[in-house]
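Take a look at this single chain, the form predicted alone, given in structure tokens.
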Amino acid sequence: MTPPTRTRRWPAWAFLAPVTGYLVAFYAYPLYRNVELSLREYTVRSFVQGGAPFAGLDNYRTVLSDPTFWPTLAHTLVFTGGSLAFQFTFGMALALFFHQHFPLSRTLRALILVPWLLPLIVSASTWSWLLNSDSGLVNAALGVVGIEPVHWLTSPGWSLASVTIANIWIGIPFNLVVLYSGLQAIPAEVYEASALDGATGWQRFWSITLPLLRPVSAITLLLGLIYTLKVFDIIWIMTKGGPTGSSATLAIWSYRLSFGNLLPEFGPGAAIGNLLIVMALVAGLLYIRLERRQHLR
């Protein structure tokens, strides 16, 4: 006779099987293939027919010794850091604003979610039109106040800032939604008690809101970091990483090596992708460590 505990386990395994199959098929296997690609010398022929020779860490050495690596890494860090800082700041400000529950707050909050709901190709194309040097709305507005047109997408000095601005605009609604949910979870009695003690609004923000929102803020920044590191479509549609690589990130470089050349370099391209995974993994491990410290206090 089957033990009762074993009988109870079968439904649990049955529910876990689809999720496990999904994770293996769409996460574990692609990750394995990417690692395997980075450790072999693949050509178009060997990619289709197999038989690529083992290269060890040569593809990683090729990437790290390439003169393009350090400027591209710097662009990635600037793009990611600038996007996270402004997305979080504006998202927090809007979350606090809508937390006041004024008339039409729900309607306005829904409208602000539009950038997040639009397909990225639509958002990127819209920003390309807005920042066009000759017929863009932004330069037209600058001309009204007497400022010379700016070559937002075709100037090496402005291209990275332009794609960063577009990415900030797209990411603000996500920060708003998550931080607003965190604010809703803070008991109103805490604010009432601080008001009775004579605390100002700024003091309540620094002493109550920010500390109680720390777990939500941490996961918001972590998810934003992971998403921003792999941003490709916005940059590719707006500037294709140019001009002269001034807005190219590691994700753009990986795509160019793997698919943007007549002779694709699948190994180095996969190696760059794995470096991005390592960067995201390090951020995730730091988040777990910080959370453990908070729980131990």
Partner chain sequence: MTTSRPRAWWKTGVGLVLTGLMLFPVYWMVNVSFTRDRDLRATPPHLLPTDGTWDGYRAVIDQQLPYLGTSFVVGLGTVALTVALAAPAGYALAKLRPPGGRALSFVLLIAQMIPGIIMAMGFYASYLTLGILNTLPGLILADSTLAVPFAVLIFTAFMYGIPDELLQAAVIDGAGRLRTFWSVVLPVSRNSVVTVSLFAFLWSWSDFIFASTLVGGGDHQPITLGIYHYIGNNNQQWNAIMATAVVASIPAAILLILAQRYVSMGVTAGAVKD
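Basically, rigid core = biggest C-alpha set you can superpose within 1.5 Å across the two forms. Remember, predicted model here, so these are calculated numbers, not experimental data. Numbering follows the first chain given and starts at 1.
The form predicted together with the partner chain exists for this protein as well; it is not shown, and the discussion that follows is about that form.
- A heavy atom within 4.5 Å of the partner chain in the predicted complex is found for one listed residue only; from Ile147, Ala74, Leu113, Ala195, this is Leu113.
- Proximity of Thr89 to the partner chain in the predicted complex falls outside the 4.5 Å heavy atom cutoff.
- Although the partner is absent here, Gly269 is a contact residue: one of its heavy atoms lies within 4.5 angstroms of the partner chain in the predicted complex.
- Of the heavy atoms in Tyr60, none are within 4.5 Å of the partner chain in the predicted complex.
- When contacts are judged by a 4.5 Å heavy atom cut-off, Asp233 counts as touching the partner chain in the predicted complex.
- Just one listed stretch, out of 157-165, 78-86, 201-209, 127-135, contacts the partner chain in the predicted complex at the 4.5 Å heavy atom level, and that stretch is 127-135.
- Contact annotation for 76-94: a single residue, Leu94, has a non-hydrogen atom within 4.5 angstroms of the partner chain in the predicted complex.
- After superposing the rigid core, the Cα of Leu276 is displaced by less than 2 Å between this form and the one not shown.
- Compared with the form shown here, the Cα atoms of Tyr287 and Leu117 move at least 3 Å closer together in the predicted complex.
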